[in-house]
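Take a look at this single chain, the form predicted alone, given in structure tokens.
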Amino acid sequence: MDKSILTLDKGTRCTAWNYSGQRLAAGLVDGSLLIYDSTDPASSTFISTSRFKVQESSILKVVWVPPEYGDAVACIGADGTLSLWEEVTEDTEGHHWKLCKCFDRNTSQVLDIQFGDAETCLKLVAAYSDGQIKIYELLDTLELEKWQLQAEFQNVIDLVSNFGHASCVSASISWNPQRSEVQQSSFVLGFSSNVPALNSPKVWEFDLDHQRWLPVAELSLPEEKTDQVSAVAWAPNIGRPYELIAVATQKGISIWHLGSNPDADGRLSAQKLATLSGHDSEVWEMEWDMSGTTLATTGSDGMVRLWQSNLNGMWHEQAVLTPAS
């Protein structure tokens, strides 16, 4: 018989496991953040150890900072704010969570964020409702409040393009999980917006020679460039000579092959391997396993589907997980 490991509080809007799977952060509609900790890893039971107010509006997303930088989470609020909270230990108060950083929002709202752990420093990429992308760098590995804006641009191939008012309702970011001294930082990002050029997923890579971010690939066929993107996921690579990236739109889930050798213009080859159909509605989240061979997807149909490719490279649905009635 299935056993419940914890019961989430009423009003939970989003959750996120930390990297070890021993802590769970949950954002609530009242703007509170709850931290659940494992009481005994052998029994897989969790209890709430902290609850604190982050903001007045609902928390839409929580993201853990990479573990080598301590126990910290970033929170996106329904009002479009982005804040960073860290667990600290003080002699007078013991363990408690403190606000490290509130990132400037101006008039646009934060839609999605992801941390990328480069060789030089921790980076954070944020996508905004006006179609802008901002890259922040951590200045001091021991001071999570010290960030600087490193770059700001739009998700377009033609960097001199000028649009009217862009209105984006969602965005999805996925960093290249590969860590290598010879491989530059890169991530894929797609929007769901009223500007078609912003929507199609682009792979961005940091050009070390010119100290700027460049679009090196576009993951959409000519007839798909206007499709709004709901989720992207970059697969871990444990030895393939190419990369795998999943892209979800209203037409289904696409699996893309991304080459590793740039052409004379610095662009990487991109080939669509498969289109996966199974979800009856919008795909919300996608996640690869640690080997980068199994893709888990979930959406508004309430189903979790697992996808794999066979020995001939054909992608198929491996399993379907349905919610308990």
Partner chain sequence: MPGVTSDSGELNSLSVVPHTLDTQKPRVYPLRLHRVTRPLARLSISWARGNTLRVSLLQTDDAASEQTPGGEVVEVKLGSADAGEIPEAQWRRIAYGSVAPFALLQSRKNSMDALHYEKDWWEHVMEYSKEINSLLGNTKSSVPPTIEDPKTVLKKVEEPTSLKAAWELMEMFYADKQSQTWIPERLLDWLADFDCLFSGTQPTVHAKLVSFQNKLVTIQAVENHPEYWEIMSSALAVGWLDVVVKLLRLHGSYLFDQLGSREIENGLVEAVALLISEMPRLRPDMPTEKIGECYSTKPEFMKAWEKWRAKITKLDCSAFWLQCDHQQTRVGLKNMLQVMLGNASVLSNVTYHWIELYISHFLYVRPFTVGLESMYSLAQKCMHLKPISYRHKLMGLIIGILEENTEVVLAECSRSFGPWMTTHAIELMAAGSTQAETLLHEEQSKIGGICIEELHRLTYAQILSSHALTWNIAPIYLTSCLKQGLGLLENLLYKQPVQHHLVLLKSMEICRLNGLDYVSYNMMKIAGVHYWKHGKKGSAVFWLQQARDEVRLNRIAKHLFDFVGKSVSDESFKQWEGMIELLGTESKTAGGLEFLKKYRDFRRSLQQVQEGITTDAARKAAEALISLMRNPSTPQQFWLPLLYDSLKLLNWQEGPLLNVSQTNLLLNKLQELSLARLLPGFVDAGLPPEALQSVRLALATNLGRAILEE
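Positions refer to the first chain, counted from 1. Only a predicted model underlies this, so the values are computations on that prediction, with no experimental measurement involved.
The same protein also has a form predicted in complex with the partner chain, omitted here; what follows describes it.
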property: Residue contact check: I47 to the partner chain in the model of the complex, 4.5 Å heavy atom; result: no
property: Exercise: G77 in contact with the partner chain in the model of the complex, heavy atom 4.5 Å; result: no
property: T89: touches the partner chain in the model of the complex, heavy atom cutoff 4.5 angstroms; result: yes
property: Touches the partner chain in the model of the complex: V63 (any heavy atom, 4.5 Å); result: no
property: Location of the partner chain contact in the model of the complex, chosen stretch of 213-221, 102-110, 141-149, 123-131 [non-hydrogen atom, 4.5 Å]; result: 141-149
property: Three-residue site L8, Y19 and Q308 fully in contact with the partner chain in the model of the complex at 4.5 Å by heavy atom; result: yes
property: Contacts with the partner chain in the model of the complex - residues in 217-234 whose heavy atoms fall within 4.5 Å; result: none
